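What follows is one chain in structure tokens, specifically the form predicted on its own.
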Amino acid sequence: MKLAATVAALGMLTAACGGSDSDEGSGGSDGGSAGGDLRIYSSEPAFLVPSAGDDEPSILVIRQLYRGLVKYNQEGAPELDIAESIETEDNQTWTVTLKDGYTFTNGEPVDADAFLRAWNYTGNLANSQNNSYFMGRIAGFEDLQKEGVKKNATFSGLKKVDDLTFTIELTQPFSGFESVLGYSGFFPMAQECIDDFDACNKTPIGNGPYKIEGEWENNVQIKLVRNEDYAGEDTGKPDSLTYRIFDDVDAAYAAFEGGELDVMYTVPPNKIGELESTVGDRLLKEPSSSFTYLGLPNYDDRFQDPDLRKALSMAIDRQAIIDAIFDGSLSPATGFVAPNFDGAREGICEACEYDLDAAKELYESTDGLEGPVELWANGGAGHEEWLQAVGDGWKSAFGIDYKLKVDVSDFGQYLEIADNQEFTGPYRLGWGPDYPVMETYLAPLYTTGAPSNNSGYANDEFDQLIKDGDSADSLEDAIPFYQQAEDILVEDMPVIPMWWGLTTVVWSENVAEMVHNPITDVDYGQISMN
């Protein structure tokens, strides 16, 4: 379910959920009181507006600035937040009633209009918002995605009933829709934010327990202070949250050691053993559902043969890399869905198993690859060593020369390269689930044209099985369809699954109680300080 922590053994995670600039997440507990300034390690977010922020650094800030209809509890299950009720009789038409009294920090009410305007804005192609994809189930989405659509065009499936009530009509039934509504892309937006997106991105206008102090200091810091007008019960505990931005995880760790940071939800893998002996119970280390994969540019003619993609995968000794570089702390991926999700099946991906002889035989049946092959990863997040191990393995097995491309340390810029399908070879990305449905590992990454489908993969049968699962009467009934869709991925191998992450979070003695949510990662606003 976002479901499990996004782990950070290397750098940070998108979400939407998208991408991640690391491989792992966080958790812990003790007791404590409200107050203080919590200093947090972060990489540079891409956006601070819900309609656009789909990477982990963005979402971790947005979730403190905003609140939505649904939130996820400590068991990973959805529960109502700003919504008083969400009702449906057929899983296709949903009626939402809001709690009264919520406002944005500029004084605008958080009412039906606030949600409808946000979703209409996000889903409209003319506004080019990253989270547009998540609106795709709402009736009228296809019309809003047509070239030349007017900026004021709206969903046919969204209707205002009164100030606190609206209805949502989906293109087809989807039993998991309420669970999806906890994703940050569904948060409301103020009219002032719609009118001036750039200003709102720099100085967010939120409705959550925190508000920005000053403005976003790009590549330096983002400082949030408690929002005293917040109407919710989960008010912020620290007086302020200071996200200090680093482009290198080792530099951040040095700052932590020097007493300049209180929380790091990304720990350099070579420091984990050291921390276990020095900080004791101030280190969280547990399995997570963050997914690290080696993407293959299916849009490049050289990588269009599924047998070639399988051969490359079978030549990677995942466990040897994990043991040598990550101290054995990660779990090799043997499928495309996290093992702790309902419907997940371990061991279904035969091409994920290391088999050098079979890899060589299969590779010889293809046209092969001429080098040098460029291997991409975002720089400064600790990916170079394991990426080099992959390249060395391919060179030894197939005689492929390779070159590391790790010169882009700005994760937002790296995601732009991914979104524009400009990778010139295999590329490292991560994924963390955004809601408690198995589909979150499948549809956003592999359906045709999905914004996080950076590989360019397209398969009509896969797309139809996702639709069939969405239309099932219940999430339980949907699982067989989603499993069949995953079976297609096993055969086509559009990306190479690498491993499931380890949540590694370390905190200073200033922190009395660490709070980690299994879906939304570290809940900075609920951390108590000494």
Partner chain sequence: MTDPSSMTTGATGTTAPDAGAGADDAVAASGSGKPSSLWGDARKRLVRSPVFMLSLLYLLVVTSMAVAPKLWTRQDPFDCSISLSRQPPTDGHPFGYNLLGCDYYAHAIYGARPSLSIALVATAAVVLIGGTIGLLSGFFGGWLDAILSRITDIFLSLPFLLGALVVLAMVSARNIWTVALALIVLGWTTIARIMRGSVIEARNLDYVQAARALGATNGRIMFRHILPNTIAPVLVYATIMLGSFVAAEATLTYLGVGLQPPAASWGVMINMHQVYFDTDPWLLFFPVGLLVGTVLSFILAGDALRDALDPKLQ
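Small disclaimer: the values here were computed from a predicted structure and weren't measured. Positions refer to the first chain, counted from 1.
There is another form of the same protein, the form predicted in complex with the partner chain; it is not shown, and what comes next is about it.
Heavy atoms of every residue among D327, D392 and S409 are located within 4.5 Å of the partner chain in the predicted complex. Using a 4.5 angstroms threshold between heavy atoms, K271 counts as touching the partner chain in the predicted complex.
The partner chain in the predicted complex comes within 4.5 Å of a heavy atom belonging to Q413. Using a 4.5 angstroms limit between non-hydrogen atoms, D81 is distant from the partner chain in the predicted complex. Contact between A338 and the partner chain in the predicted complex is not found at the 4.5 Å heavy atom cutoff. Here the chain stands alone, but in the predicted complex its contact with the partner chain, taken as any heavy atom within 4.5 Å, falls in 377-385 among 377-385, 343-351, 157-165, 83-91.
The listed set V279, A320, L356, A77 contains one residue whose heavy atoms approach the partner chain in the predicted complex to within 4.5 Å, identified as A320. Shown without its partner, this chain lists D307, D250, E192, E364 as candidates; in the predicted complex, only D250 has a non-hydrogen atom within 4.5 angstroms of the partner chain.
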